[in-house]
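What follows is a single chain, given as structure tokens, in the form predicted on its own.
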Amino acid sequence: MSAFWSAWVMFLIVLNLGITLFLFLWGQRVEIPTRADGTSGHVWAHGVLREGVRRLPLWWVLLSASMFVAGFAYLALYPGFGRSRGLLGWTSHDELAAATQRNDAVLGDRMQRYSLYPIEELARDGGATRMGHVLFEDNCAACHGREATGNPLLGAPNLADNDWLYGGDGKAIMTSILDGRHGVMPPWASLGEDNVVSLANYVLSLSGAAHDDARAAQGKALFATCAACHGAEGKGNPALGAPNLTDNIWLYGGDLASVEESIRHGRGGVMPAWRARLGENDARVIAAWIYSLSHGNAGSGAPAAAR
């Protein structure tokens, strides 16, 4: 705090405390003129109600005095009076640093233990998955939602349904978190609008979704263009991040209009790399929580070697 702002804070404190202390002391001594009946002469309701004058009750005086004592003691002991550190030398910065150090010591021991187990086994540790959920909410929920159910508007996949673009084992999940992913569905408007509609109907037919049979039959031959990534049967390719088109799980929506949009204009999904922000330790517990969601074993027990 600069000298100016320190002096300004001190001035405001002295001014406010000075005025309130003066009013408090003056209120004990001031004499208010009263009539013979002990009232001030102020009346309401045609004289039915009259304003009385009484001394402040002792309990109120003592309580107010104690507040002044507490205020002066606080300013003497703790920071608050300008740049004064107070007699105790306490600061919020030191308190935060000490708390952070204690927390880091506890987390360090725990993270070292967690690093001994593969993600699949760590997913059975309730402590690890609870920690992973908190870290997920802090870092990943903006796109994937607090419970990792995804957001089609952002192209953020549902991480709780065991349907994976790049594989759902622990190693693949860690790679996605640490190094990110960049999925590209190229646009195929060059096929012509009529062919786009037919191809979209055929894609929907692969998962048994509502479609036009005649259009789907016309689009079947066109799917050869897509088979290089999605496979001849449309079951996808995790090595390329090409989704399975037969399971009726859709990243950008599974209605005809959405599928046509994907084919016509393509899609570009980006999962940013979090290695620099999270590091491997935090990424491990997040991956463990995600794995536990999609494999239905959240917090079912600690790894055998950790019990």
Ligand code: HEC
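All values derive from a computational prediction rather than experimental measurement. Start at 1 and count along the sequence shown; that's the residue number.
There is another form of this protein, the form predicted in complex with ligand HEC, and it is not shown here; the text below is about that form.
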*Counting only non-hydrogen atoms, choose the one of 61-69, 259-267, 27-35, 44-52 that falls within 4.5 Å of ligand HEC in the predicted bound form.*
259-267
*From the list M111, A216, M131, A156, which entry has a heavy atom within 4.5 Å of ligand HEC in the predicted bound form?*
A156
_When the contact criterion is heavy atoms within 4.5 Å, does R181 count as touching ligand HEC in the predicted bound form?_
yes
*Classify V197 as contacting or not contacting ligand HEC in the predicted bound form by the rule of any non-hydrogen atom within 4.5 angstroms, answering yes or no.*
no
*May I ask you to state whether A76 is within 4.5 Å of ligand HEC in the predicted bound form, using heavy atom distances?*
no
*Tell me, yes or no, whether Y117 is in contact with ligand HEC in the predicted bound form, where a contact means a heavy atom of each within 4.5 Å.*
no
*Within 124-157, which residues have a heavy atom closer than or equal to 4.5 Å from ligand HEC in the predicted bound form?*
F136, N139, C140, C143, H144, L154, G155, A156, P157
